[in-house]
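Shown next as structure tokens: one chain only, the form predicted on its own.
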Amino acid sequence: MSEPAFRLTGVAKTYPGGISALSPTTLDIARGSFVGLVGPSGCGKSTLLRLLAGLLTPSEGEITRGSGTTDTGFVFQDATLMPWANVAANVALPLSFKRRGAEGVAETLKRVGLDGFAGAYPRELSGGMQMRVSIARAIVTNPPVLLMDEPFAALDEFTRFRLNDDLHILWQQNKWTVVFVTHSIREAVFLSQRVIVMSPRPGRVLADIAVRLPDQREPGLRSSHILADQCAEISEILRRSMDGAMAA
């Protein structure tokens, strides 16, 4: 078996003030896999993602990164673009941190469907286009790992579906290791090879479910019985967990 991209061993996080966000969690994330994280608000999904990114330090336990996975792209829920800079300058920001020139910016914009928008400013773009810029910025250094924290939550359904389709194609082409946080069970199942279901806070892994969809995620799969059945399975796991939390 190949070395995983991430190995979590008893990883937990308690914030200052004593708020326990994540219970001890042991988990492997395979290289090149697309993993969805779902669960109720406040269950530690974003905390887990930030721990993987190195933006937070575990209170206990250990995170081991596989060799060659130190470079990570991170996409936040908000596009977080610099309003005073054009699209090309926003995308080139990670390159400047690495003291590299703007090589690759034009090609990256083409990959995310923004060819011809290099000179545009964020205020001139729709929400969906701004998110494409954010994705381009995350992948311009060609990182092996892409961490995404509810990136499409604020978008209309049509735009969200389109970006889901484009993201899945990009993942198939590049074989990144993707960890994708979402509140949408349907989105997680459609995109992922594997869905990790988390409990109410303090978060723990309730279920680790292999997605039973074909590798090619055609748009028509959104209305398929197999996707609906898996969504129902995950919804039931979450319902039972929430009922138990309320009864406790």
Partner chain sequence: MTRIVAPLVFGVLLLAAWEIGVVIGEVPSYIMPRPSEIASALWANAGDLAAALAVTLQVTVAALALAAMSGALIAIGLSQSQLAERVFFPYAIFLQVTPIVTIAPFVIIWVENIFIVLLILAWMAAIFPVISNTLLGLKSVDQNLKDLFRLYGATRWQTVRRLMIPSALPYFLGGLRIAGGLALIGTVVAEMVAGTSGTRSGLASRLVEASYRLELAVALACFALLSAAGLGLYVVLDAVSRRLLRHWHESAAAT
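In this text, all values refer to a predicted model and were calculated from it rather than measured experimentally. Positions refer to the first chain, counted from 1.
Missing here is the form predicted in complex with the partner chain; even so, the following discussion is about that form.
* Non-hydrogen atom within 4.5 angstroms of the partner chain in the predicted complex for each of Arg50, Thr80 and Ala138 -> Yes.
* Can any non-hydrogen atom of Leu170 be found within 4.5 angstroms of the partner chain in the predicted complex? -> No, Leu170 is distant from the partner.
* Asked: Taking heavy atoms only, is Leu93 within 4.5 angstroms of the partner chain in the predicted complex?
  -> The answer is yes: Leu93 has a heavy atom within 4.5 Å of the partner chain.
* Spell out, yes or no, whether the shortest heavy atom distance between Phe97 and the partner chain in the predicted complex is within 4.5 Å. => Residue-level check for Phe97: yes, a contact with the partner chain.
* Does Leu55 reach the partner chain in the predicted complex if we count a contact as any heavy atom within 4.5 Å? -> Although the partner chain is absent here, Leu55 would touch it in the predicted complex, with heavy atoms inside 4.5 Å.
* Which of 100 to 108, 173 to 181, 121 to 129, 152 to 160 lines the interface with the partner chain in the predicted complex (heavy atom within 4.5 Å) -> Correct option: 121 to 129.
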